[in-house]
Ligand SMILES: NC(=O)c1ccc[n+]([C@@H]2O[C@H](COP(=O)([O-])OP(=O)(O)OC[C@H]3O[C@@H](n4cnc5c(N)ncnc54)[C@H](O)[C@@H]3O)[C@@H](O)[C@H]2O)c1
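In structure tokens, one chain follows: the form predicted on its own.
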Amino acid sequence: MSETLLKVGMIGAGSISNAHLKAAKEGAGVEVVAVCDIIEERAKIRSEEYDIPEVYTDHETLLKKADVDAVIIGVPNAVHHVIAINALKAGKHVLCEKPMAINVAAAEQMVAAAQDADKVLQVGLVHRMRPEAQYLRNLVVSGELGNVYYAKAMMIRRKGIPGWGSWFTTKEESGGGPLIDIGVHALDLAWFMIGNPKPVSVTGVTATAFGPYKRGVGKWGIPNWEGKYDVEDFAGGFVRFENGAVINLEVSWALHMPPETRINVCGEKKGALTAFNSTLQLYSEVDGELVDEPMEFEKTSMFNTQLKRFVAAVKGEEPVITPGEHGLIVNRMLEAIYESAAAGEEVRLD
């Protein structure tokens, strides 16, 4: 490993690679030396944009030929686990985009591979890097909110179906719709803020009211109007935890409601609200009077912070902030929401 910079290969040159490569260029302790995509032209474009010397169209060739210490995986969900496991077996550390995998079985294989290889497997649950999220997590751990018993997580798009007909809306490639695409962020962030308790049961619902009719389409992704739409537009979930806390989750790509993104965390002493916008509002009562405490935090690049934390974990300077073991538990909750919605009943996890 380089004494100063971690040598990294970027696997996947689609839209999300821009965020990772920009973070690397801004200075995160890495040198991106290779980029790979099954569409060579797309990889070449990223190579030129970010001065990346090596271009590959096959990730296994990159793993064999490129001098890399680690890889960043930003490809369709269905192949996350295949590429991650191959990279770990090749002795590379892995930063894998969310969701970790399209199902629990694949996520379990990834965790096992990381343990066998004794390498870092970090999942791209990037919203944990927000300063307000870190601050609120510390307040919960310190006991300032008292016993935390309820959290509500929302990521509501009014019109935002990505890449209609592409892998985004094809279940066998994505694993699902907004629940696994953006709901993974909302669920994970709420779970992180309340201290990562053990989930014991899940109730879920899903609905599909826009996509099949090509309504509610957003600007993200490249549409394929001859493609497929067999995922949900809306999902809701209610997760109970071993310590008695619960999370209420609502997420949509398209919904006849105003767009809203927020996390509420409620404790016996104080409550909190953050809207993913570098602010935090605390709510409490003192001597019978309601007290509001607004806070603002410096806006930072989540992806740059994520990459810095990844480098620190690889170097053994700090624990992995979003380890594969956490990604696996999030996958279990997501899969249970889908199972509950399909069965029309609660799903037990213990």
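Start at 1 with the first residue shown and count on from there. This one's a predicted model, so the numbers in the text were calculated from it and none came from an experiment.
Not on display, but discussed next: the form predicted in complex with the named molecule.
Of the candidate stretches 178 to 186, 105 to 113, 251 to 259, 145 to 153, only 178 to 186 contains residues with a heavy atom within 4.5 Å of the named molecule in the model of the complex. Contact annotation for Trp191: none of its heavy atoms lies within 4.5 Å of the named molecule in the model of the complex. Contact check for Met333: no non-hydrogen atom falls within 4.5 Å of the named molecule in the model of the complex. Although the partner is absent from this view, Tyr135 stays clear of the named molecule in the model of the complex, with no non-hydrogen atom inside 4.5 angstroms. Contact annotation for Asn77: at least one heavy atom lies within 4.5 Å of the named molecule in the model of the complex. Not one of Val205, Phe241 and Tyr338 places a heavy atom within 4.5 Å of the named molecule in the model of the complex. Only one of Trp167, Phe276, Phe210, Tyr229 lies close to the named molecule in the model of the complex, with a heavy atom inside 4.5 Å, and it is Trp167. Interface residues of 126 to 150, taken as those with a heavy atom within 4.5 Å of the named molecule in the model of the complex (partner not displayed), are limited to Val126.
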